[in-house]
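One chain follows as structure tokens, the form predicted on its own.
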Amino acid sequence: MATVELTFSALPAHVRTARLVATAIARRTGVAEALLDEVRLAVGEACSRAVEAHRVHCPGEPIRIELCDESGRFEVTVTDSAPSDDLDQAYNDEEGPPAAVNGTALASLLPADTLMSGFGIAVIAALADDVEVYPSAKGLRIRMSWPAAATGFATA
């Protein structure tokens, strides 16, 4: 299992770089050519959401992306440090499970004034093969994955 980690400041210009890196790594891990646009769009949406949240709550904190190949899947995790107090309250009684799988529960529980009102997460859920969303008071983590070749990162 190979992993690439990328951190960037909360500037919209860095979203493009994150999309390009994710698409290049997806291609090298064996994600089907037909799915690369979905990878690019989903990563862009997750990073744009994180940039907007950081610009409002914590502009000095970096956004973190982890890209890895695991058991025949290409997985991308986008983690922000913007507080998600409203979401944390909604899932206060649960220990550890995602607040949503493919966007279903999270989108229905987001308050109307929450950033992007869950729309961005719904878009991500439509683009990725598998999505999990983990909200907390310390930030939001979105994990997305797509099928890939089981051989891992290819070498040039």
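No experiment lies behind these values; they were computed from the predicted model shown. Heads up: residue numbers just count along the shown sequence, starting at 1.
Unshown form predicted in complex with another copy of the chain; subsequent notes refer to it.
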Q.
My question is simply whether residue 57 lines the interface with another copy of the chain in the predicted complex - judged by any non-hydrogen atom within 4.5 Å.
A. no
(Q) Although the partner isn't part of this model, could you tell me whether residue 9 comes within 4.5 Å of another copy of the chain in the predicted complex, counting any heavy atom of the residue? (A) yes
Q.
Considering non-hydrogen atoms and a 4.5 Å limit, does another copy of the chain approach residue 143 in the predicted complex?
A. no
Q) Is residue 137 a contact residue for another copy of the chain in the predicted complex, using a 4.5 Å heavy atom cut-off? A) no
Q: Taking only heavy atoms into account, state which residues of 17-37 are within 4.5 Å of another copy of the chain in the predicted complex, ordered by sequence.
A: 17, 20, 21, 24, 25, 28
